[in-house]
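As a starting point, one isolated chain is supplied in structure tokens, in the form predicted alone.
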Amino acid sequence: MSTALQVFVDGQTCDDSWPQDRALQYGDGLFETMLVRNGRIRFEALHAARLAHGCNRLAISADHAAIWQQAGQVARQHGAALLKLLLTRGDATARGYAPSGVERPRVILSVYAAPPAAELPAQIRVVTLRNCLGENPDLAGLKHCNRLEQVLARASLQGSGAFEGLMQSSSGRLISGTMSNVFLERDGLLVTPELDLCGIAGVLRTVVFREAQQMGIPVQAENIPLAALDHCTSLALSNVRLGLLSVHELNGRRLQVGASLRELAARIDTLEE
């Protein structure tokens, strides 16, 4: 095995191990962004299932019981917060892309103030972006640490006045927003993009499927060409911080706020998970 002879951070010698973390070196890790209400992580079971699924896909061995015990303790201490859990493969034990198999996963928990409802604009404006998401079935659905595509997309959104930007895959399929999943309402049917080639399978996306089915609202995932947005009359964004959020304007065109989306959003907001 080859290890660094010396490491400098901002010009100073560093003997700590963290600069060798594979998430920093290669984006080799996963993360969960979670909302804490009344000292509990909302949809904790779904977050835990997604993290475990991601670890299985990336072959990261971690003590999940200990991770969620720690996360739960932090949630209880803060009551209401936004909690980010970052799980990396750990420090590189050898130079190069391939993991050695003896890394020790690292867990980082960051606590942020709970987002106030007033931070959302009264009118949600959305635009389509030229930025593309690369298609890679091996990583599709995972909330892995390489978010450079989203970084570039958010940068291109600056100055537009839009709340969110919608992204397509490299083959022209609608995938998601820069920070959200997307739902279109079409003749009483909710449709959301398939995520078999790229994109993140959001926890709130899963909740929308579950709650819509319980309410008798038909919902399904489809391959949706980006051009389908030209005929869209009702659109919503979803993530755990926003909930299910109806869009009022798409590329300067006014949209309807569908009744089923409004009812579904209200139901999800009251869930005590």
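Just so it is clear, the model here is predicted, and its values are computed rather than measured. Numbers follow the displayed sequence, beginning with 1.
Note that the form predicted in complex with a further copy of the same chain isn't included here; everything after this is about it.
This chain is drawn without a further copy of the same chain; in the predicted complex, the residue among Phe31, Phe209, Trp68, Phe43 with a heavy atom within 4.5 Å of it is Phe31. a further copy of the same chain in the predicted complex is approached by Asn136, whose closest heavy atom lies within 4.5 angstroms of it.
Contact check for Gly27: a non-hydrogen atom falls within 4.5 Å of a further copy of the same chain in the predicted complex. When contacts are judged by a 4.5 Å heavy atom cut-off, Asp10 counts as touching a further copy of the same chain in the predicted complex.
a further copy of the same chain is not drawn, but in the predicted complex it has no heavy atom within 4.5 Å of Gly165. Residues His144, Cys145, Asn146, Arg147, Leu148, Glu149, Gln150, Val151, Leu152, Arg154, Ala155, Gln158, Ser170, Thr178, Met179 of 144-180 are found to place at least one heavy atom within 4.5 Å of a further copy of the same chain in the predicted complex.
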